[in-house]
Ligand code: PFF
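Let's start with one chain on its own, the form predicted on its own, as structure tokens.
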């Protein structure tokens, strides 16, 4: 159906790339503080349930479309539904990840700055205070040139990796960094759980109190599971198009989802015990990484500054790698479209998208400083991009993917791609259940989330 294109060299490489795409700031930055704001273990139970029965069907829907067509998002929809309006889903999933990348790279830039601070052992001084760290963070993000510099560096790293292509760039980078991410976060978890007073944080994550769950908490858990896997934006479809035709979609989907789930849970156990050990409110919010955790590192450093300094360095290396593995997949979605559909050279496609994302990212950067008073619909440029993509475009894209696979594609074609023509025995056995989830369960639940988000 499509011209021969580059593929991942092995099943392991494909899983590492997809897991790298899924594992990002949503896991290590967003997950711990959202858990803290929504009651701990009870939230995690809903999150796990949502990941299995909602997110895996969406993941398989995206990956299946990519694997069947071996094309980028727009080309895939045009190939499977020629002349129909489904092609607009292709356009939607080309531009959505680029918008996400524009503000995501700003936070990625912050991570680079804090990695440099950690490398200089800035968080081990006994003079560090929570108020001082908060003031430092606010001063940094509200300045003009420093955030722009790190935003630019973060974008350049993405471009550099993608210039090497699928096997030479994405595959090599994610085969190293994705396993390394797990090693690093496990080291942090072991250290965090050994701290005096960490037991309260462990209990907070393991003993559910369902009386603390509210309807908003349930929706937040579903949204977090959904956001965590980077669904509905075409990243999984694009990586799915690099799968070999004999790849096992079920194994790939379950392995990727398991990696993502485990990483999120390990991140929770890496951060929350330390938060409780320091006597800090678990629902501290988005500033947890850049304001609260450096304070925890400084308190650890009172008796052993070298050890706590090394832990801080490992932590922020983990943050940077987590950000990069996701951002690379976002940029690759647009690159694949320009290469496949517009027949541009890879380098030219990267240059065009780099320029566009960088420019929008500049506006997002300045939203915390010189452009803080510039509002669109009452939101800064950064907040507008965040809310528009996370609350609407990702949800809408996922809804359309499941509707397309469940209702537009022939069931026989879905079966053929999912089971490799009936040759995968396990996939054959579970196909009926998976197809039911894709066709009926996922669209209904996503629709409820989407409508509720609009109303709220």
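Fair warning: this is a prediction, and the values are worked out from it, not measured in the lab. Residue numbers count along the first chain shown, from 1.
What follows is about the form predicted together with the named molecule, which we do not show.
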Looking at heavy atoms inside 4.5 Å, which stretch does the named molecule contact in the predicted complex, given the options 96-104, 268-276, 240-248, 291-299? 96-104
Look at the candidate spot formed by 54, 256 and 437 and say whether the named molecule comes within 4.5 Å of a heavy atom in all three of them in the predicted complex. no
Just give me the single entry in 32, 397, 26, 40 that has a non-hydrogen atom within 4.5 angstroms of the named molecule in the predicted complex. 26
Note which of 318, 72, 252, 230 lies within 4.5 Å of the named molecule in the predicted complex, where distance is taken over heavy atoms; exactly one does. 230
Please tell me whether any heavy atom belonging to residue 235 falls inside 4.5 Å of a heavy atom of the named molecule, as the geometry stands in the predicted complex. yes
May I ask you to check whether residue 330 falls inside a 4.5 Å heavy atom distance of the named molecule in the predicted complex? yes
Wondering, does residue 124 line up within 4.5 Å of the named molecule in the predicted complex on heavy atoms? no
Contact between residue 178 and the named molecule in the predicted complex at 4.5 Å, heavy atoms? no
